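Next up is one chain by itself, shown in structure tokens, the form predicted on its own.
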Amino acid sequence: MLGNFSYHNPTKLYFGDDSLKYLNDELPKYGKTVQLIYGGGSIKKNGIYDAVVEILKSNGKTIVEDPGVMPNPTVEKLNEGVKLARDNKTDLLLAVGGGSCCDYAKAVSVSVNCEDDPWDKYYIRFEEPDCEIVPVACILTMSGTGSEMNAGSVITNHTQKLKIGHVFGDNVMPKFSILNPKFTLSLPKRQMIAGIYDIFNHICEQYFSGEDDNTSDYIAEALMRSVVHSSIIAAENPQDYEARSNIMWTATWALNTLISRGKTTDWMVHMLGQAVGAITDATHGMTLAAVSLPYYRMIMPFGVKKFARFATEVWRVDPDGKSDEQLAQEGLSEMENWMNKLGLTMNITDLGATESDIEAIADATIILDGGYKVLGRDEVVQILKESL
């Protein structure tokens, strides 16, 4: 492994079908007022809401309701949550939901005691918080983002047509997260599949960078094989607990910073996908799926050895008599077959984008330089056109 790095992850995890009971162990560590963050109300239908509220009340907590977090949390919703936390002097932000709820909670946490406009400070100027941070905890109901064990927070500004993520420092990571795979079983199949691809692409973003013999890449390959194996089982039977539990655990390790150690990392698929999401408000995992293959086929010649390794180690492509270029192409074809088998959305047209949106999406795409090729704007436009 090349370079120097540090690794620290302060989030405590409770995993398993009986993990919610550990909320009783954590709540006494925080103040009286808990801001309960959730989405459109599905947790009230499946019983999770009642179970959480019962534990909160039994621990003497005052509950501040903060419902309505949308799949792509907006700056307007962020401002609402900040006001709610300020008015009620919130002591703990408890997100019950998927990655959007967790992301939103982190954005609120760094904004409650901040005098500046949070969008401008954190998502335009990319500054770090210089104020007291309200602690965050997560009870996960969807696997995908890994937000339960990282410091990332993505917010959408529809007025500016921007969807931007900020990865904060360790002090913004959730203090604890509860991962009960049973809580994910009521999720609609399309959302499950979108989350699965989000997991896989998180690993790809860290894998397709660097040329050195890096332990992180070996871990990444094992995680990708696990996702592929479990995803096929879950797609056929979404109620398979073992497959869903493996997907949930892999999602956490895909983006808790472990496999990025010693890496430059790429993240251009996310930049492209988030730009598509800013225009269409489409499901995050589907935006990634729609732009992935055109992007990887463009950069593949610049990192052909890694793409060849991807083919043999992840997809078990037989290397006998094949060049690196042939292996690389075959690996991406195997990936495409898997994506189609899952039923992922494979173009941005089906997500609501049109050719007339291409320029605006390109304008909203942040160019990063960690991968095998730094894109020019013309190449961004080309990728988007090939994604239609």
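Just so it is clear, the model here is predicted, and its values are computed rather than measured. Residue positions are given as counts along the sequence shown, with the first one as 1.
Below: the form predicted in complex with ligand NZQ, not depicted.
Ligand NZQ in the predicted complex comes within 4.5 Å of no heavy atom belonging to I37. When contacts are judged by a 4.5 Å heavy atom cut-off, G81 does not count as touching ligand NZQ in the predicted complex. Using a 4.5 angstroms limit between non-hydrogen atoms, P301 is distant from ligand NZQ in the predicted complex.
For P135, no non-hydrogen atom is located within 4.5 Å of ligand NZQ in the predicted complex, even though that partner is not displayed. Each of N72, S147 and Q191 is positioned with at least one heavy atom within 4.5 Å of ligand NZQ in the predicted complex. Distance criterion of 4.5 Å from any heavy atom to ligand NZQ in the predicted complex singles out G41 from the list G60, G47, G343, G41. Taking a 4.5 Å heavy atom cutoff to ligand NZQ in the predicted complex, the contact residue among V110, A275, V291, L255 is L255.
Per the 4.5 Å heavy atom criterion, ligand NZQ in the predicted complex is contacted by stretch 136 to 144, the sole one of 111 to 119, 301 to 309, 136 to 144, 220 to 228.
In the predicted complex, N150, G152, S153, V154, K163, F183, T184, S186, L187 are the residues of 148 to 187 with at least one heavy atom within 4.5 Å of ligand NZQ, listed from first to last.
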